[in-house]
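Form predicted on its own, single chain, as structure tokens, below.
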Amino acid sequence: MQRLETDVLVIGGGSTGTGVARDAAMRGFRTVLVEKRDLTHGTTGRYHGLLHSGGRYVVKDPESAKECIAENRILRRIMPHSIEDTGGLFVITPWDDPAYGDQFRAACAACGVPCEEMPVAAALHLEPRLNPKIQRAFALPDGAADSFLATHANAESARAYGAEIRIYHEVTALLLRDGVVWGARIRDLVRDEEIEVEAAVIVNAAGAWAGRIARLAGCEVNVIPAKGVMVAMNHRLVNTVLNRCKLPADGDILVPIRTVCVIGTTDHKVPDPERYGIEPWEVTLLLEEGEKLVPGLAGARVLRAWAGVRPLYSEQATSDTRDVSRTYALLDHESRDAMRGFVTITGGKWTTYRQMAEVTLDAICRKLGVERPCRTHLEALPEPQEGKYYTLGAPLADIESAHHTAELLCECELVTQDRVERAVDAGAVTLDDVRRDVRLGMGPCQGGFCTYRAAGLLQERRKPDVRETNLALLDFLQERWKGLQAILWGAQLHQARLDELIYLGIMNADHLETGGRKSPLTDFYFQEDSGPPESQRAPAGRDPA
């Protein structure tokens, strides 16, 4: 068995985990991060992409609002390449209370969130598809964030400071002795090997799975898995983040992110963060609510539906997840559970991940009796275009300026062959890993034309047993299919039938030989959702063909 010794072991490869790893490495700690799947496979890679201004929480959850606006300003400075400065509008529709606007504006002022009321005509000029019957509009500094890119930038920075980032490494046990968590036993899921890591401090940053990790040390952490369903439209109906100006509820936000826009979200407790379905009523509700912001939205082409699971934290049991604060919690298990060497950081938002890492490392420094100040707010993350926000036209401009149009492997997302080659050579285990690295297969055809090309490239670069490449192709097709089942009507149904003809009718993909192989994610892709069989039906009133 391989054995490692480190100062800080981080469990979880989402935004918080990679943020903790970066902060720890920058403070000079030997750092190892382990993630049971790929980076961002959990909640970080499954949210709508909002850079919060804090406006959504100023009335009901002001502490969270203050955290958001503080970090909004820092993230714009240290990772502009991962952010599109869309701005945000909070609008009062005919279904909302006009008087809430005054309460909202006063709460923004109290929380330090910039808020400017603008004439309705100006708001409609800015966003022509916005409901013309809105009564008031407020401009706030919301934005859109690429959580995949940001997480990888954090991981790259952590590596540059000496951290080890190990994906597909699952914690199977925490090692305890005399009230101390001194290490962890970890399974390398790719090599099928066990590793024992001894650490001075172990950080549980496992998001919605934090409760499960804590139980390995005999500690109870009440993480409430709250499913949030989102629906992506196949193009940007708006270029500004739109919010309903009211207390947060289902379907009240529309986020333009990259080439699409996303209407979200629902908020419902689920028993298992790994197993949940997308119900027809959830999709219907989101489209109906989106129609109130942008008339005609429900009739536009729907690209995909998916869900992420929020890691809400509460010491008390609760029946309504909307009542749980969106702020974060750092749990010191030495003072809380008499278990030294173990802390849990949970809750929070993507926007506040850096601050969560900072308070975690501040606590670790105090535990270890050292003074090493945080510098993550001062030093920018690695980026290709220093100091520039992402803009929608930038990828196409890069392609055209470099004359790479003939090298596109994924036309929908403008992914070139060399980018896929770099992702494969960097160690992507599955084609879904490549998707998270370069956005392969995330456009309107949902992998219809790029999956077989990417599989061919995988075979060419690595020259594995062809059955492994077959497995990679089948896994990725199944992963894409899971997001289509709840929205199969209209143009996207036509696209799905075309993809079916390509892969089943021409390539006979369901008979490709895999030799019984499984990837670390095969069971996850092919597991049955907890949704009912009717989840494949079109919402009422929509033409199934």
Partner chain sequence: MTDVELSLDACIKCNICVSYCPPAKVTDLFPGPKYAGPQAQRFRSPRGPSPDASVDYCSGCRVCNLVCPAGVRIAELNAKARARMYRDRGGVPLRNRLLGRSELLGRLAHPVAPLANYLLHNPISRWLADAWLGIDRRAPLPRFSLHTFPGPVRSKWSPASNPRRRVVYFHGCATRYYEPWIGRAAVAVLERNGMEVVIPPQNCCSLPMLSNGEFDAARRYYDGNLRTLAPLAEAGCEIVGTSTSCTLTLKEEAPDLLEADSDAGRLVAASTSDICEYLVRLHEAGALDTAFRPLELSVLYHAPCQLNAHRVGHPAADLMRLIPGLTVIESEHPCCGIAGTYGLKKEKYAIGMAVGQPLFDRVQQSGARLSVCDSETCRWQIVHGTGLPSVHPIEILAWSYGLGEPLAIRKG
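Positions refer to the first chain, counted from 1. Quantities reported herein were computed from a predicted structural model and do not represent experimental measurements.
The discussion below concerns the form predicted in complex with the partner chain, not included here.
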property	result
Within 4.5 Å of the partner chain in the predicted bound form, all of Tyr390, Cys445 and Gln495 (non-hydrogen atom)	yes
Interface residue in the predicted bound form among Thr240, Thr327, Ser314, Thr416, criterion: non-hydrogen atom within 4.5 angstroms of the partner chain	Thr240
Partner-contacting position among Glu411, Asp102, Glu198, Glu460 - heavy atom within 4.5 Å of the partner chain in the predicted bound form	Glu411
4.5 Å heavy atom contact, Thr405 to the partner chain in the predicted bound form	yes
Exercise: Leu396 in contact with the partner chain in the predicted bound form, heavy atom 4.5 Å	yes
4.5 angstroms heavy atom contact with the partner chain in the predicted bound form for Glu400	yes
Contact of Val359 with the partner chain in the predicted bound form (heavy atom, 4.5 Å)	no
The partner chain in the predicted bound form: contacting segment from 104 to 112, 217 to 225, 300 to 308, 144 to 152, heavy atom within 4.5 Å	300 to 308
